[in-house]
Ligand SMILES: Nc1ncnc2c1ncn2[C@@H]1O[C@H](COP(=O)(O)OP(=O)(O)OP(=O)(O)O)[C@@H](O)[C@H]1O
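The form predicted alone is given below as one chain in structure tokens.
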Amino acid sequence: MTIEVAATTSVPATTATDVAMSVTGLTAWYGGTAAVRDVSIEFAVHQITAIIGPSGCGKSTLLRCLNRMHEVVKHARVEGQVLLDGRDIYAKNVDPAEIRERVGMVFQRPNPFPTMSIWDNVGVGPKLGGAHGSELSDISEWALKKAGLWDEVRDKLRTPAISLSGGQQQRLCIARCIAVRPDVILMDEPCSALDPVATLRIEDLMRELAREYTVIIVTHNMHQAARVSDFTAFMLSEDGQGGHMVEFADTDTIFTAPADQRTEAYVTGRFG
């Protein structure tokens, strides 16, 4: 299997000013079971990092640990350190709601608020933050334009969000995410429920968003990881001990000259 890798001039983050988030010794538990084990990784500012690996290796769990969504699951807990701009997001004096605003999440399936209009879906976050009137309108219009959706919905903003197509709904969710101006955008298999045309539009949008945001995606699609990401992390769960990081490097290296034979076997389709 041949996978084309997008050209990139990126280099791994090496200084604190290059790093948006850093993870050190992260282990995530569901009760007595470790889903992620001793993961350390740095996410570079204004770059796209793809997290790949077989089902059940802890990719989505790791993603949810980055904005403290993991802890909302009963009996779930986290050990280790996650820094956002050098600040430990799990410190006792840190408000989880603040972290979830600064580190937004786009889920596998589009999840617009079904009882709200297109316009209200985008504005709900800024409105909770105190925006109103012309300020709220400006933010909502800006977010819809940024998500590449404005021209398609400008004449039906008050219609239910669920009237949109699947791809449009996912772009609406992205607009809702960026309306609160996060620092980092997490995407958990954001194209898995979409057709190829909608998938390409979301991928183009990822590249556009990376100019202003740090983007971290989980994907099972090797071609997608190669097309859109600057860096790729490969995770694997072995012997039932929880998913661990096998290899992390720039995407070109992962797909053309990986250091670990397990990485090569996975990206070439020999397992997983």
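It should be emphasised that the depicted structure is a prediction, and the values quoted were computed from it without experimental measurement. Residue numbers run from 1 along the displayed sequence.
This next part talks about the form predicted together with the named molecule, which is not shown.
This chain is displayed alone, yet in the model of the complex one of 193, 73, 116, 94 has a heavy atom within 4.5 Å of the named molecule; that residue is 73. In summary, among the residues 60, 224, 47, 67, the only one with a non-hydrogen atom within 4.5 Å of the named molecule in the model of the complex is 60. Interface membership of residue 55, defined by any non-hydrogen atom within 4.5 Å of the named molecule in the model of the complex, is confirmed.
Within 4.5 Å of some heavy atom of the named molecule in the model of the complex lies at least one heavy atom of residue 35. Interface membership of residue 207, defined by any non-hydrogen atom within 4.5 Å of the named molecule in the model of the complex, is ruled out. At least one heavy atom of residue 189 is located within 4.5 Å of the named molecule in the model of the complex.
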